[in-house]
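Okay, so here's just one chain, in structure tokens, the form predicted on its own.
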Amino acid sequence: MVRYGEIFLKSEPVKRRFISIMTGNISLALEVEGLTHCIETPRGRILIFGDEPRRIAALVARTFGVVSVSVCTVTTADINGLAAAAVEHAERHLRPGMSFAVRARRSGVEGFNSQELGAAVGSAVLDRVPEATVDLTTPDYEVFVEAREFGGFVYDEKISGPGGLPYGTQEEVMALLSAGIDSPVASWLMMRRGCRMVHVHMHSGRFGGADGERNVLQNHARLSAWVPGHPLDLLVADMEPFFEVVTALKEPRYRCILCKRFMLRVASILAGERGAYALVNGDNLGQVASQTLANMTVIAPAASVPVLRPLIGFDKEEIVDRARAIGTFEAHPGNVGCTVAPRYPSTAAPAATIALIEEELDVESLAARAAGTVRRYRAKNGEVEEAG
């Protein structure tokens, strides 16, 4: 049994479309693992029938849009059938002295209400395990029973899902992906909101660490595992010519601002070529010099499409925790440093000064050149499968 959240609040046509996309994503994930299944979509629930329910549940619990999943015993939608199944579940978990609660729901079934159903099932459990006690507030064990017009369901665990919206319900966006911690989390959060994703990485060449591109490909592959069956593209553009000219500047403190603006310029060109609606980055307010509010105000106009910053209000610890949870955190990333970053970067670069420097460097030509150097990678099901 699959539960979804805010999808239920959509209008009926939108809801039907979102559920159709989500069930399609679930089917893709199960097909990748060779799991035969049948999906039904009664109101408010998605039911998946298959021979390996626990494997199915574990995979479905990684599907965007899913709030929680339970492996259920299917019964008749009457008190006797539900009580018998609940007793079987309780006998496997309840021990003398433990407390329990029955959580009952009824919808579209006549003859009893939810309270009567819960009381009857609770009595049946106590008859079988008389040493147990009832505690509706903080029980040691909970069993859930649902009587619905399409059947009866009993379960005693809920596997949390990522929530959000089904992948593919929103348009394509382009995330700037690095070898670091923040940008993969930013990408994942926008995928979780339904955005179709394409990644772009600005390769530093000899100005970056030797392990940078390896880690980027690893991040890209790991994120693709969250949308099994869907290809996830990565575009890698060459930043080395830009770094060659920016390192010759007399004012090194502006390098980070110029670099971030340049990345947005190049990514905007690539987004335009693909028809992507927005750029995504891992900016986190005040984390580093280029992410002060003053500098972000100077950097943002370099983009020709909206820039989404899903991490803007996160604490660093929250970002690290999320990276660990989604599998993109790397405790030992190797050499991923940047030799261009100045020792004392500006925290409030003047927009007029930046404009003059960019005119001197002819950044538009440099950006067009970088956009023309793109190498393409594709990941699917957690593996980089082809390059071009």
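Only a predicted model underlies this, so the values are computations on that prediction, with no experimental measurement involved. Numbering starts at 1 and runs along the sequence shown.
Same protein, other form: the form predicted together with adenosine-5'-triphosphate, not shown, and the subject of what follows.
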| item | value |
| --- | --- |
| Residue 287 within 4.5 Å of adenosine-5'-triphosphate in the predicted bound form, heavy atoms | yes |
| Proximity of residue 146 to adenosine-5'-triphosphate in the predicted bound form, heavy atoms at 4.5 Å | no |
| Interface membership of residue 266, adenosine-5'-triphosphate in the predicted bound form, 4.5 Å heavy atom rule | no |
| Touches adenosine-5'-triphosphate in the predicted bound form: residue 282 (any heavy atom, 4.5 Å) | yes |
| Option from 71-79, 85-93, 156-164, 194-202 whose residues, in the predicted bound form, bring a heavy atom within 4.5 Å of adenosine-5'-triphosphate | 194-202 |
| Option touching adenosine-5'-triphosphate, based on a heavy atom within 4.5 Å in the predicted bound form, out of 98, 225, 181, 124 | 181 |
| Listed residue that, although adenosine-5'-triphosphate is not shown, lies within 4.5 Å of it in the predicted bound form (heavy atoms), from 232, 258, 176, 102 | 176 |
